[in-house]
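What follows is one chain in structure tokens, specifically the form predicted alone.
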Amino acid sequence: MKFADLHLHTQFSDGTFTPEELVDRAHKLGFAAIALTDHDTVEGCARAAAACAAAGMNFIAGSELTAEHGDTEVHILGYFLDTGNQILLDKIAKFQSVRQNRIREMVAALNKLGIPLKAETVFALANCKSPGRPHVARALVKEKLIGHLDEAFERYLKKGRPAWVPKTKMSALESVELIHQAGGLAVMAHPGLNRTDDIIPDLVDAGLDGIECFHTKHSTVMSERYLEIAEKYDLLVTGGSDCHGFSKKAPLIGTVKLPYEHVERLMARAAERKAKTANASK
């Protein structure tokens, strides 16, 4: 039986693996396909695609967009994205700028607390266009300003802590539209973590294509619930480990194995969308 992991991160956002290291691990674990879903970027997709081709694995170009619907934060995974789509790239660039400004604000808050961390130190460590809180935590540890990553979040970086800064997010409906115009499929990520059940009908109305039923932090009961919701709304089923490499203790890749039949359904739906788009443009 063939399996896939459709939720993975690299050094191009807040993971610790290079695209090649990630593909090598996936290949050794026997995966037939993977998707790269770095936060607000598609930069690593070309390298991951090349590594997958060399390993005889199928690759899906993706990204994870942070959005909101009302007061609810929701993460939308885009799959089968045209990574050269200029509208997508322009929008992503704006959110990369927002991410970089957020780092500066978090560092300024830490400085007010007497912690002498520099934003340049965080950016140098991150070495990517989509830095996030994990990079601030790693920089605090590297500079010996704090003991370990968990302590950084608990004392300073979690919501409600003194150096937490809220994210500026696009609307969930806008993110679905953005993914569709880039030729992709829009999937709600880890609904059990974000408690997004109530907004699923609104997103379905907006064209949501699927839901991530299987996730490292979804219990069996949760997964079964989201499988029922997927069936109710005729949504595609996805799943992934949400691996960030070594940034969150042990790497998670290999902990979630999505049966390949779901990948085939995703591929079929993506082909349908591209055919409709091509016909509409004639």
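The structure presented is a predicted model; accordingly, all values stated were derived computationally and were not measured. Each residue number is its position in the shown sequence, starting from 1.
Beyond what is shown, the protein has a form predicted together with adenosine monophosphate (AMP); the following relates to that form.
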>> Residues 39, 102 and 150 are flagged as a possible site; in the predicted complex, is every one of them within 4.5 Å of adenosine monophosphate (AMP) by some non-hydrogen atom?
In response: yes
> When adenosine monophosphate (AMP) is placed as it is in the predicted complex, which of 133 to 141, 173 to 181, 205 to 213, 110 to 118 ends up with heavy atoms within 4.5 Å of it?
Replying inline: 133 to 141
>> I'd like to know if residue 167 sits close to adenosine monophosphate (AMP) in the predicted complex, meaning any non-hydrogen atom pair within 4.5 angstroms.
In response: yes
>> Under a 4.5 Å heavy atom criterion, is residue 69 part of the interface with adenosine monophosphate (AMP) in the predicted complex?
In response: no
> Using 4.5 Å between non-hydrogen atoms, is residue 244 touching adenosine monophosphate (AMP) in the predicted complex?
Replying inline: yes
